[in-house]
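The form predicted on its own is given below as one chain in structure tokens.
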């Protein structure tokens, strides 16, 4: 028997340039579904459900909803909140009460590793509670480290931004006759997909000279030798390094000189590896620049990939399709059907197979010197950065982002449980 009731959508973790495109796909598809009677959004991820802080997305202007496709960041807000094991604490009962109160029969959680962990825990608790609801995870992360999917929405746009920006940085570094070393610090705690994407700029000869990834141990001695050799040959050196590169004992290089904090999930909050690398090579050149791409990697919708936007939107649409067919406890996954021409389809992966797993770059895709990547990386990433986003501009020539009313769900609009 098909479930009839309202749905709620929540966004969690670090934003991306296309996370709202997935939200748009869910909303637009849900509005048309006979099984779904109301479309609600949870403010600030799972916290909005715990606190019964929901908004009625069905009352939004359709034009504003369409603009979500090219609006960066998480328009419903986000969170990094760790649920205790299923059944422990008051959070689960508060969530269940919110579901029952609003007759929520479909829950969609858009996020990365930790979000899929939350969805998996909640799914296990709900299964034991006897309440009928479909729970579906929708992948999102610029880190591209989610298991169970060929790649993640958000990664393609971040990869496009990084490869383009590195090419522009290299152009700028070659302006003056004097030598210079440029270190570009790129996000990636344990998976180096983002830093590896800088290699795409080498297609036109404007990529980095050295690339360092967290998948392989970082040797300070070899690093200094590599930089010195290229500096003597070329004068200018472009280095791209993941924030999460580690030494042979597994210690983060960024933590060698600083004390780092941790987030709610226990992950080290990194940053500053560029300055550590600078200190290692300070005697090679007087001009050493450190550029940290920081949040621009995840918020630069002006360089979003059309492929990424389209796949993010379709991931949202397919989440509705799978849910109304009765699937629950799964994450929507992207399946690469063909490489050239590139073609993908959408399937399902159990949340339990995704939660707390990490998808890293295969070691045979990294060169033998551990300072660059092989052709497999280029072939894998290149289709994901194709195409440009189609911004709606206002009359000042600036992008027009979506503006939602976010009207609270009122008691009188809530349908009673059947």
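Since the model is a prediction, treat every value here as computed from it, not as a measurement. Residue numbers count along the first chain shown, from 1.
Heads up, the form predicted together with another copy of the chain isn't pictured, but that's what we're talking about next.
- Contact annotation: another copy of the chain lies within 4.5 Å of heavy atoms from the stretch 292 to 300 in the predicted complex, the single such stretch among 292 to 300, 129 to 137, 208 to 216, 86 to 94.
- Contact with another copy of the chain in the predicted complex holds for all three of 15, 44 and 203, each having a heavy atom within 4.5 Å.
- By the criterion of a heavy atom within 4.5 Å, residue 242 is excluded from the residues contacting another copy of the chain in the predicted complex.
- Within this chain, residue 283 is remote from the site of another copy of the chain in the predicted complex, having no heavy atom within 4.5 Å.
- Taking the partner from the other structure, another copy of the chain in the predicted complex has a heavy atom within 4.5 Å of a heavy atom of residue 382.
- Within 4.5 Å of any heavy atom of another copy of the chain in the predicted complex lies no heavy atom of residue 155.
- Only one of 221, 168, 337, 233 lies close to another copy of the chain in the predicted complex, with a heavy atom inside 4.5 Å, and it is 168.
- Scanning 74, 123, 113, 98 against another copy of the chain in the predicted complex with a 4.5 Å heavy atom cut-off leaves one residue, 74.
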